[in-house]
Each structure stands twice: as C-alpha cells, then as structure tokens.
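Below you'll find only one chain, the form predicted alone, shown as structure tokens.
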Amino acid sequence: MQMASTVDASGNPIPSSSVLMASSKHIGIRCHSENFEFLKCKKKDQNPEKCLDKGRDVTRCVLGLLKDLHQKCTNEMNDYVGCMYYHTNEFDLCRKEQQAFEQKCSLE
C-alpha cells in the first residue's frame, strides 16, 4: 500500500486525517498543555476570535511534533500512516504498524 509522503517538498508535515490519527497518542501527550489552554479559553469565551492565539499554539505544537516524528522514525511513521490511509483510519487493521511506530518513536 503506497500513498503520498507525509511531508511536503520542503519537509513540512502534511496533517492529513491519517497522519493525525496515527499520531494521536503522541499529540495527546506532547501537546496536552496547549490543548488544555485552548479548551479552557473556549469554555470561558465562545467568541472564536478570543482563542485564536491558543489555537495557533496547538497548531504549532502539532506541526512541530509531526516534523519530529517524521525525522525520528520516517519509515515506521510512513508505514503506519499508509496502513491507516488504506484502511480508512481503522486502528484495529493496523496494529502491527502501530506497534513498530510506537516502539521506534516512544510515547514519552
């Protein structure tokens, strides 16, 4: 199963649904505080403009993480993302690739 790269020509991550799903555990850990601050802001004020800075912090964190993951475990990430893409983001069908990815790029 072959799909397009997880990064663009300049090396920046492409946050497709498969990339985000495959990286979701890492995002939850690494970007926890940014997500927490964003949700806290949204709860305090429903005006979307009030939380743009917090949203940018979340985006910056996620894109930085994706870039790090791609550099640290390129093949394992591409295999896992490719499987998720092929199987329409069904985790259960990609456990082998998930295990290899999480072994190479630990969740810490």
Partner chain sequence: MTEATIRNKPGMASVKDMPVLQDGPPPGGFAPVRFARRIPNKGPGAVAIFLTAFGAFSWGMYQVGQGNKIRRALKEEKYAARRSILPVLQAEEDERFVREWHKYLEYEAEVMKDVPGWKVGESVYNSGRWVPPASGELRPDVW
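Keep in mind the model is a prediction, meaning the values are calculated, not measured. Residue numbers count along the first chain shown, from 1.
Keep in mind that the form predicted in complex with the partner chain is not shown, yet the notes after this line are about it.
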**Complete:** Of 71, 33, 47, 75, the only residue with a heavy atom within 4.5 Å of the partner chain in the predicted complex is 47
**Message:** So in the predicted complex, is the partner chain close enough to residue 56 to count as touching (4.5 Å, heavy atoms)?
**Reply:** yes
**Message:** Although the partner isn't part of this model, could you tell me whether residue 24 comes within 4.5 Å of the partner chain in the predicted complex, counting any heavy atom of the residue?
**Reply:** yes
**Asked** Might residue 42 be said to contact the partner chain in the predicted complex, defining contact as any heavy atom within 4.5 Å?
**Response** yes
**Request:** Considering only heavy atoms, tell me if residue 83 and the partner chain come within 4.5 Å of each other in the predicted complex.
**Result:** no
**Prompt:** the partner chain in the predicted complex: within 4.5 Å of a heavy atom of each of 8, 65 and 107?
**Reply:** no
**Contact set, 92-106 vs the partner chain in the predicted complex - heavy atom within 4.5 angstroms** = 92, 95, 98
